[in-house]
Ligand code: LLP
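Let's start with one chain on its own, the form predicted on its own, as structure tokens.
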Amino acid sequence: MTDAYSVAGVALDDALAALRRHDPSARAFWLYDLDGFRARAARLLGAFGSQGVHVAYALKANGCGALVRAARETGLDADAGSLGELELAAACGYDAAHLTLSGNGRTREEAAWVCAHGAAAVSADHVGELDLLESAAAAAGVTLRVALRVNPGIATPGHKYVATGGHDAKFGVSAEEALAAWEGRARWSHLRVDGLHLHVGSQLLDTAPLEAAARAARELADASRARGAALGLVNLGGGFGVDYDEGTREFPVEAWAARLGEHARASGLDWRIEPGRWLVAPVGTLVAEVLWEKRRAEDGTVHRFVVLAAGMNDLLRPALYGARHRAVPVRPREGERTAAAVVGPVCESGDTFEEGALLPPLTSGDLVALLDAGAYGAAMSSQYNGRGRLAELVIDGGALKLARRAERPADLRLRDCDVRL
């Protein structure tokens, strides 16, 4: 066997051994490289901050507290999408000046929270949400800055579930509806409705859709100014992609920052972005024990299955999006690499991480790492099939730490009750 696959100098089998001293039943876990996260945050801040563009970490990508605190300490703002994420940001030290609220389906509770605690800006997904925010701000006696989300009708490549700017997407209002709202914004006397929010999609490696969004934003701002309602803020969302297939192709951070800076200077507006995936996907790894290697012969063909201790309830992206995460044996054995389906133990045929992965011989107890799993991994995990969510570990300055403990079988019953209503 060769040397073990490692992250930030920590061998992954050593990480599991350390976790098992805390939890002897551990068979899988998440691992995040905090120093790698800080380095990526610093790169974004250096590129976009020098252009006067504000950068916020989209908490939906990964809400592990250790990562959120590292984002704040590095200088990133935070973008929340729910009441829970607002509370998370506050618990990790974010103040109102460095916190925004985005997403659709605003609730009274979210509106009350931002009015009580403050936020740099709140996105409204349609005009009715402006009425909701006005009511909350009036009750609290505060003024709230609001950006109205517009659906620009810009198509993006990739899976339809991560395309958010097309005409059939659920997000935003039409350009004409937005222009009418900005022009009539005096009706919301407790709101500063001077913002525009555009987000066309996720997992973008080409800047063309982002360029189209930036141009659309400037055109809308010009049209609103012509109607006597000058805007002051543009939130262009995130969407920066990562190369899940080979890990070699990179989103052109510096080039796009320079181009966005040109838009910012020419428009005179305050520009914001809120990436998540680009920051955290490459610094996260899902590590799982091999439960079984199974071979089934049919009609002269041998089907090889590598069954991991992690399943689709832990990492949903392959089942939901058809996404790929490279499967790497932690301590490869000698022998021919043959094609295998890397699967989990969940009772679903869709519980498959990778088809046709070329892997060396594996046996029960070996470890496999699923790479680039830091974004939308643990954040989307569930207790499906009665499987508790996994422990989350971080490497911080070379030190291995437990950031979130695993849910044990007894934890699955914590919400059970018998309350008469």
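Predicted, not measured: the structure shown is a model, and the values here were computed from it. So that there is no doubt, residue numbering starts at 1 and follows the sequence shown.
Another form exists, predicted in complex with the named molecule; not displayed. Remarks below refer to it.
Among residues of the shown chain, A42 is not one whose heavy atoms approach the named molecule to within 4.5 Å in the predicted complex.
At a distance threshold of 4.5 angstroms between non-hydrogen atoms, W182 is out of contact with the named molecule in the predicted complex. The shortest heavy atom separation between S202 and the named molecule in the predicted complex is within 4.5 Å. Residue contact with the named molecule in the predicted complex: E274 places a heavy atom within 4.5 Å of it. The single contact residue among F29, Y32, F48, Y376, judged by any heavy atom lying within 4.5 Å of the named molecule in the predicted complex, is Y376. Taking a 4.5 Å heavy atom cutoff to the named molecule in the predicted complex, the contact residue among K60, H54, R38, R387 is K60. Contact with the named molecule in the predicted complex holds for all three of D79, G239 and Y321, each having a heavy atom within 4.5 Å. Here the chain stands alone, but in the predicted complex its contact with the named molecule, taken as any heavy atom within 4.5 Å, falls in 193 to 201 among 69 to 77, 193 to 201, 299 to 307, 84 to 92.
Shown without its partner, the chain has R317 as the single residue in segment 300 to 319 with a non-hydrogen atom within 4.5 angstroms of the named molecule in the predicted complex.
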